[in-house]
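Heads up, the chain below is alone and in the form predicted alone; it's given as structure tokens.
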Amino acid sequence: MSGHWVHSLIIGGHGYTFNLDTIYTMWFAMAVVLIFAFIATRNLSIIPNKLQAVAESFMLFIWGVLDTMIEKDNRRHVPLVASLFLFILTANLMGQLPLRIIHLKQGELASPTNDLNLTSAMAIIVLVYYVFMGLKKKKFKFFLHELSFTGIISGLVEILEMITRPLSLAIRLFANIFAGEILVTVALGVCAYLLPLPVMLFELLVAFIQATVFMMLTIAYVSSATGDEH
């Protein structure tokens, strides 16, 4: 696998670099999700068509997971959770498309989730969201449960855990997708006609599993931030 298609800019006297392949494939994945959502909800009816039935089944799946993991006011988290799952699943599956036939001067078009920058950005969004929701419900008690030595130590440990959570989210998704694309590339080099097929089929399963894991961990973090103390 080759590197990213890097573009450098000078903005305000400071140099910035952008992975254009990641940006373009990310926009494409976003467009696919938006178009699907628009078409699926365009002409809603009591008797759903096939696309509406798929969309309703997906929403029932999201609602079921939220109802299981979060006790109160769980439906307010649907926009974030559903958007993350659909975007990550679409982005992961893009790694199995024959985008490498589009030759670039640098890098190659692949899944945007094989870029640690993107997975880190999503993890930070999750971090900001569940910290905001926790502060909204528990105020200062979200960080400090009680004014004591034990409470202060527990608060510092929880702050450290908040820092490591997005790191684990970002690295887990990035590593699995990146490793899968390397396996496909190696299989293409060894036997381009037969060997890549089972690897690519396995990566389809991995794409769904990783999107589900990211979503489930996001819900778990929100649940721990907003749940009542016992």
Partner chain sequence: MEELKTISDIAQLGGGIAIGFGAIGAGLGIGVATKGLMDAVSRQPEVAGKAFGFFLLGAALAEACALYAFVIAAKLVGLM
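Remember, it's a predicted structure, so these values are computed and weren't measured experimentally. Numbering follows the first chain given and starts at 1.
Below, we refer to the form predicted together with the partner chain, which is not included among the displayed structures.
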Work out which of the listed stretches, 38-46, 165-173, 24-32, 51-59, brings a heavy atom within 4.5 angstroms of the partner chain in the predicted bound form. 165-173
Could you confirm whether L9 comes within 4.5 Å of the partner chain in the predicted bound form, counting heavy atoms only? no
Close approach of A179 to the partner chain in the predicted bound form, 4.5 Å, heavy atom: yes
With the cut-off set at 4.5 Å between non-hydrogen atoms, does Q210 touch the partner chain in the predicted bound form? yes
Though only this chain appears here, would L217 touch the partner chain in the predicted bound form if you measure heavy atom gaps against 4.5 Å? yes
